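Next up: just one chain, as structure tokens, the form predicted alone.
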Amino acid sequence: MRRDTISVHGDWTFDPYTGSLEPPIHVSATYRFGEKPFTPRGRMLKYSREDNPTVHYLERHVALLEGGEDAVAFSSGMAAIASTILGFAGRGARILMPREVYGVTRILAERLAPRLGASLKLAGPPWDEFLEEASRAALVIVETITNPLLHVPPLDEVSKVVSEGGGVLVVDNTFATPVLLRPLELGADIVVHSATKYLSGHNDVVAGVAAGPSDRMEVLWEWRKMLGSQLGPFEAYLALRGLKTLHLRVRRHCENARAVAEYLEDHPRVSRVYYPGLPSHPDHSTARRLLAGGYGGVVSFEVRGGGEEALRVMSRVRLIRPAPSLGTPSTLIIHPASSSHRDLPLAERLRLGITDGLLRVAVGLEDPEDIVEDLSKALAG
């Protein structure tokens, strides 16, 4: 099946017992020991901390979307990231990630690495520096579109270098989704998502998921079992519901984001716009080569006048909502310096380009003219 069809159906047809066209929510914590059914991984279904049928439906759906053999769902995206670090960064391992990465991911790696006897190296962008370091890393973690300056790494080149060096490449595909890019097809070992965002798409569930080869997923399943970071069946159902419209929503997010980016680039009170769909973005050529049919639903921009003016703009929006997420039907705006990257030292933040005047807009599904009008009024003062 093609991706749009997989988005709607996964591999679900109907419930064999009732004929229901929608997957049921299995809320039982335990199952009769020694009885079938066995899980898709060949284990006996016995306890929902380990396996749950509704969660299996979601895992299979995401695995098909990403082109993986299997998937493991978690209680959050950070639980998925934590399990990959615990599972693939042993004593003496070198972990590599970009300097510009989701702030909590970076802090987690900084805290876990010394406890595991591993080391953490931060490099790039620019990506030539990152590629040089990737050949020496046991575990490489990178985002398809970085947060918040929306850099796009050359994943095909990164995959080749990591593979030749014998490392494991983990790609956070939250911003791009499998609609725009499937990292496993480029050679990545594991793909992770904060399924809270585009995969679920309705701002009503917190979830995470990883996809990839069966042997890699077995490692993550073991860590999920021990950590107790299983996704609940109701949350899995909500994520499954969201996947049915993923292909439609992501394309509309991309269309709206491009309209917002083009408007902001010509605004006199905006000094710079970050959007990989604009020729002015440093990774525009890479984005054109790797991303299929869109450049993502997030736009970041710097307001002239610095932090005070940026916060004033954020306080003046009316349709747009100040909130730290993305992939929701509503357009959201946030100030990275005081939210996602507030724990970074000031000098490091400024080195990355995350200035006090930077705002990030997660463009929603509204009429783009209404989004632009709201920004126009907020910027006008």
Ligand code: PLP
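The structure presented is a predicted model; accordingly, all values stated were derived computationally and were not measured. Heads up: residue numbers just count along the shown sequence, starting at 1.
Keep in mind the form predicted in complex with the ligand is missing from the figure; the text below concerns it.
Using a 4.5 Å cutoff between non-hydrogen atoms, S200 does not count as a contact of the ligand in the model of the complex.
The ligand in the model of the complex comes within 4.5 Å of a heavy atom belonging to F175. Taking the partner from elsewhere, M97 is found to have every heavy atom lying beyond 4.5 Å of the ligand in the model of the complex. Not displayed here, the ligand is kept clear of F88 by more than 4.5 Å at the level of heavy atoms in the model of the complex. Here is the short version: of L186, M78, L149, L120, the single residue with a heavy atom within 4.5 Å of the ligand in the model of the complex is M78. Put simply, of Y237, W127, Y263, Y102 only one has a heavy atom within 4.5 Å of the ligand in the model of the complex, and it is Y102. Checking 159-167, 298-306, 221-229, 70-78 against the ligand in the model of the complex, the stretch whose residues place heavy atoms within 4.5 Å of it is 70-78. Using a 4.5 Å cut-off on any heavy atom, the one residue of 114-148 that reaches the ligand in the model of the complex is E143.
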